[in-house]
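Starting off, we have a lone chain in the form predicted alone, written out as structure tokens.
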């Protein structure tokens, strides 16, 4: 009897071992891709952040945590971090609110609504360089479209990209415009997934449009909103393309966000070790913010 139990246990262990091996084989392609494009660069960046590098990015002298201390003592990183936080404030919440408005409009049952949905989603397919060139023409203080609209209200022209008061806000407008398509499609999918019979029951009970939106639509799409809030925050903290194309960190450094600061340190000053240390600090900040958002917001998310 005891031998039979031992044989059954060994057979179960072999089956579990085969399942584990089979699962690992399925994961192998994904692990290989992540290893080459994510884990190896991450490990190499951690290593470089501990070294003083030469012009080619090779580690020369081991410095330990000296470059991390330098980041927090110079103060320039703190200024860039503050600029990045302000840029995220311009980008994240306004972008989600505007996308939600467009998604609600795209959900209307109107003739030709498909054309409107296509227009709402079109910014998603425009590359960063193309979008920046288009908005550069809009921002032109001499012949830009924005100058024309301001003149209708007798408002003086604004030098959108060269004025220190407007440059960061102007670049964030481009980023908001570029994210509208992706955000609107996700929110429209969430809105259309709300069961129609719930709205019918609410109408019979006398609920108005605002009550149905506040009490039903928003809770039902809260998982989508949480996803957009997290991904938009990460995207804002990693923004680079619009900054590089439109202002290159200027004027007077008011658009010098952290990622552009890392780029300048690595490819203008050829200080790859210090740039890697800045990148690691930014990585830690993004990771902490993402975990914080998960723990705080998930309690308020309604899962059907």
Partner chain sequence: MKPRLHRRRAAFRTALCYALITLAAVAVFFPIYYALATSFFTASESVSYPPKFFPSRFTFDSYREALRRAPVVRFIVNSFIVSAAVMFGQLITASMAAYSFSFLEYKGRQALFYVVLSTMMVPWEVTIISNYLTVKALSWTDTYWGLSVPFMASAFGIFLLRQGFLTIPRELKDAAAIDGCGNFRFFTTIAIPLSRPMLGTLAVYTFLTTYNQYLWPLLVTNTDKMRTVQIGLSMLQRDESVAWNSTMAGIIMVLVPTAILLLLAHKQLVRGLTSGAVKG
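These figures come from a predicted structure and were not determined experimentally. Numbering follows the first chain given and starts at 1. Rigid core: the largest C-alpha set superposing within 1.5 Å between the two forms.
This protein has a second form, the form predicted together with the partner chain, left out of what is shown; the following refers to that one.
> Can you pick the one in 226, 198, 162, 124 that has a heavy atom within 4.5 Å of the partner chain in the predicted bound form?
The option sitting close enough to the partner is 124.
> Which one, 254, 50, 245, 236, lies within 4.5 Å of the partner chain in the predicted bound form by heavy atoms?
Of the listed residues, the single hit is 245.
> Where does the partner chain sit in the predicted bound form: which of 162-170, 189-197, 81-89, 210-218, heavy atoms within 4.5 Å?
Checking each option against the 4.5 Å cut-off leaves 189-197.
> Answer yes if any heavy atom of residue 97 is within 4.5 Å of a heavy atom of the partner chain in the predicted bound form; otherwise answer no.
Looking in the predicted bound form, residue contacts with the partner chain do not include residue 97, since no heavy atom lies within 4.5 Å.
> With a 4.5 Å heavy atom cut-off, would you call residue 130 a contact of the partner chain in the predicted bound form?
Result yes; residue 130 sits at the interface with the partner chain in the predicted bound form.
> When the contact criterion is heavy atoms within 4.5 Å, does residue 185 count as touching the partner chain in the predicted bound form?
Residue 185: contacts the partner chain in the predicted bound form.
> Is residue 62 one of the residues lying within 4.5 Å of the partner chain in the predicted bound form, judged by heavy atom distances?
No, residue 62 sits far enough from the partner chain in the predicted bound form that none of its heavy atoms falls within 4.5 Å.
> Which residues within 160-178 place at least one heavy atom within 4.5 Å of the partner chain in the predicted bound form?
Contacts from 160-178: just 177.
> Core-aligned, is the CA shift for residue 26 between the shown form and the other one 2 angstroms or more?
Moves: yes, 2 Å or greater.
> After the core is matched up, is the C-alpha of residue 36 off by 2 Å or more between the shown form and the other one?
Indeed, residue 36 is displaced by 2 Å or more.
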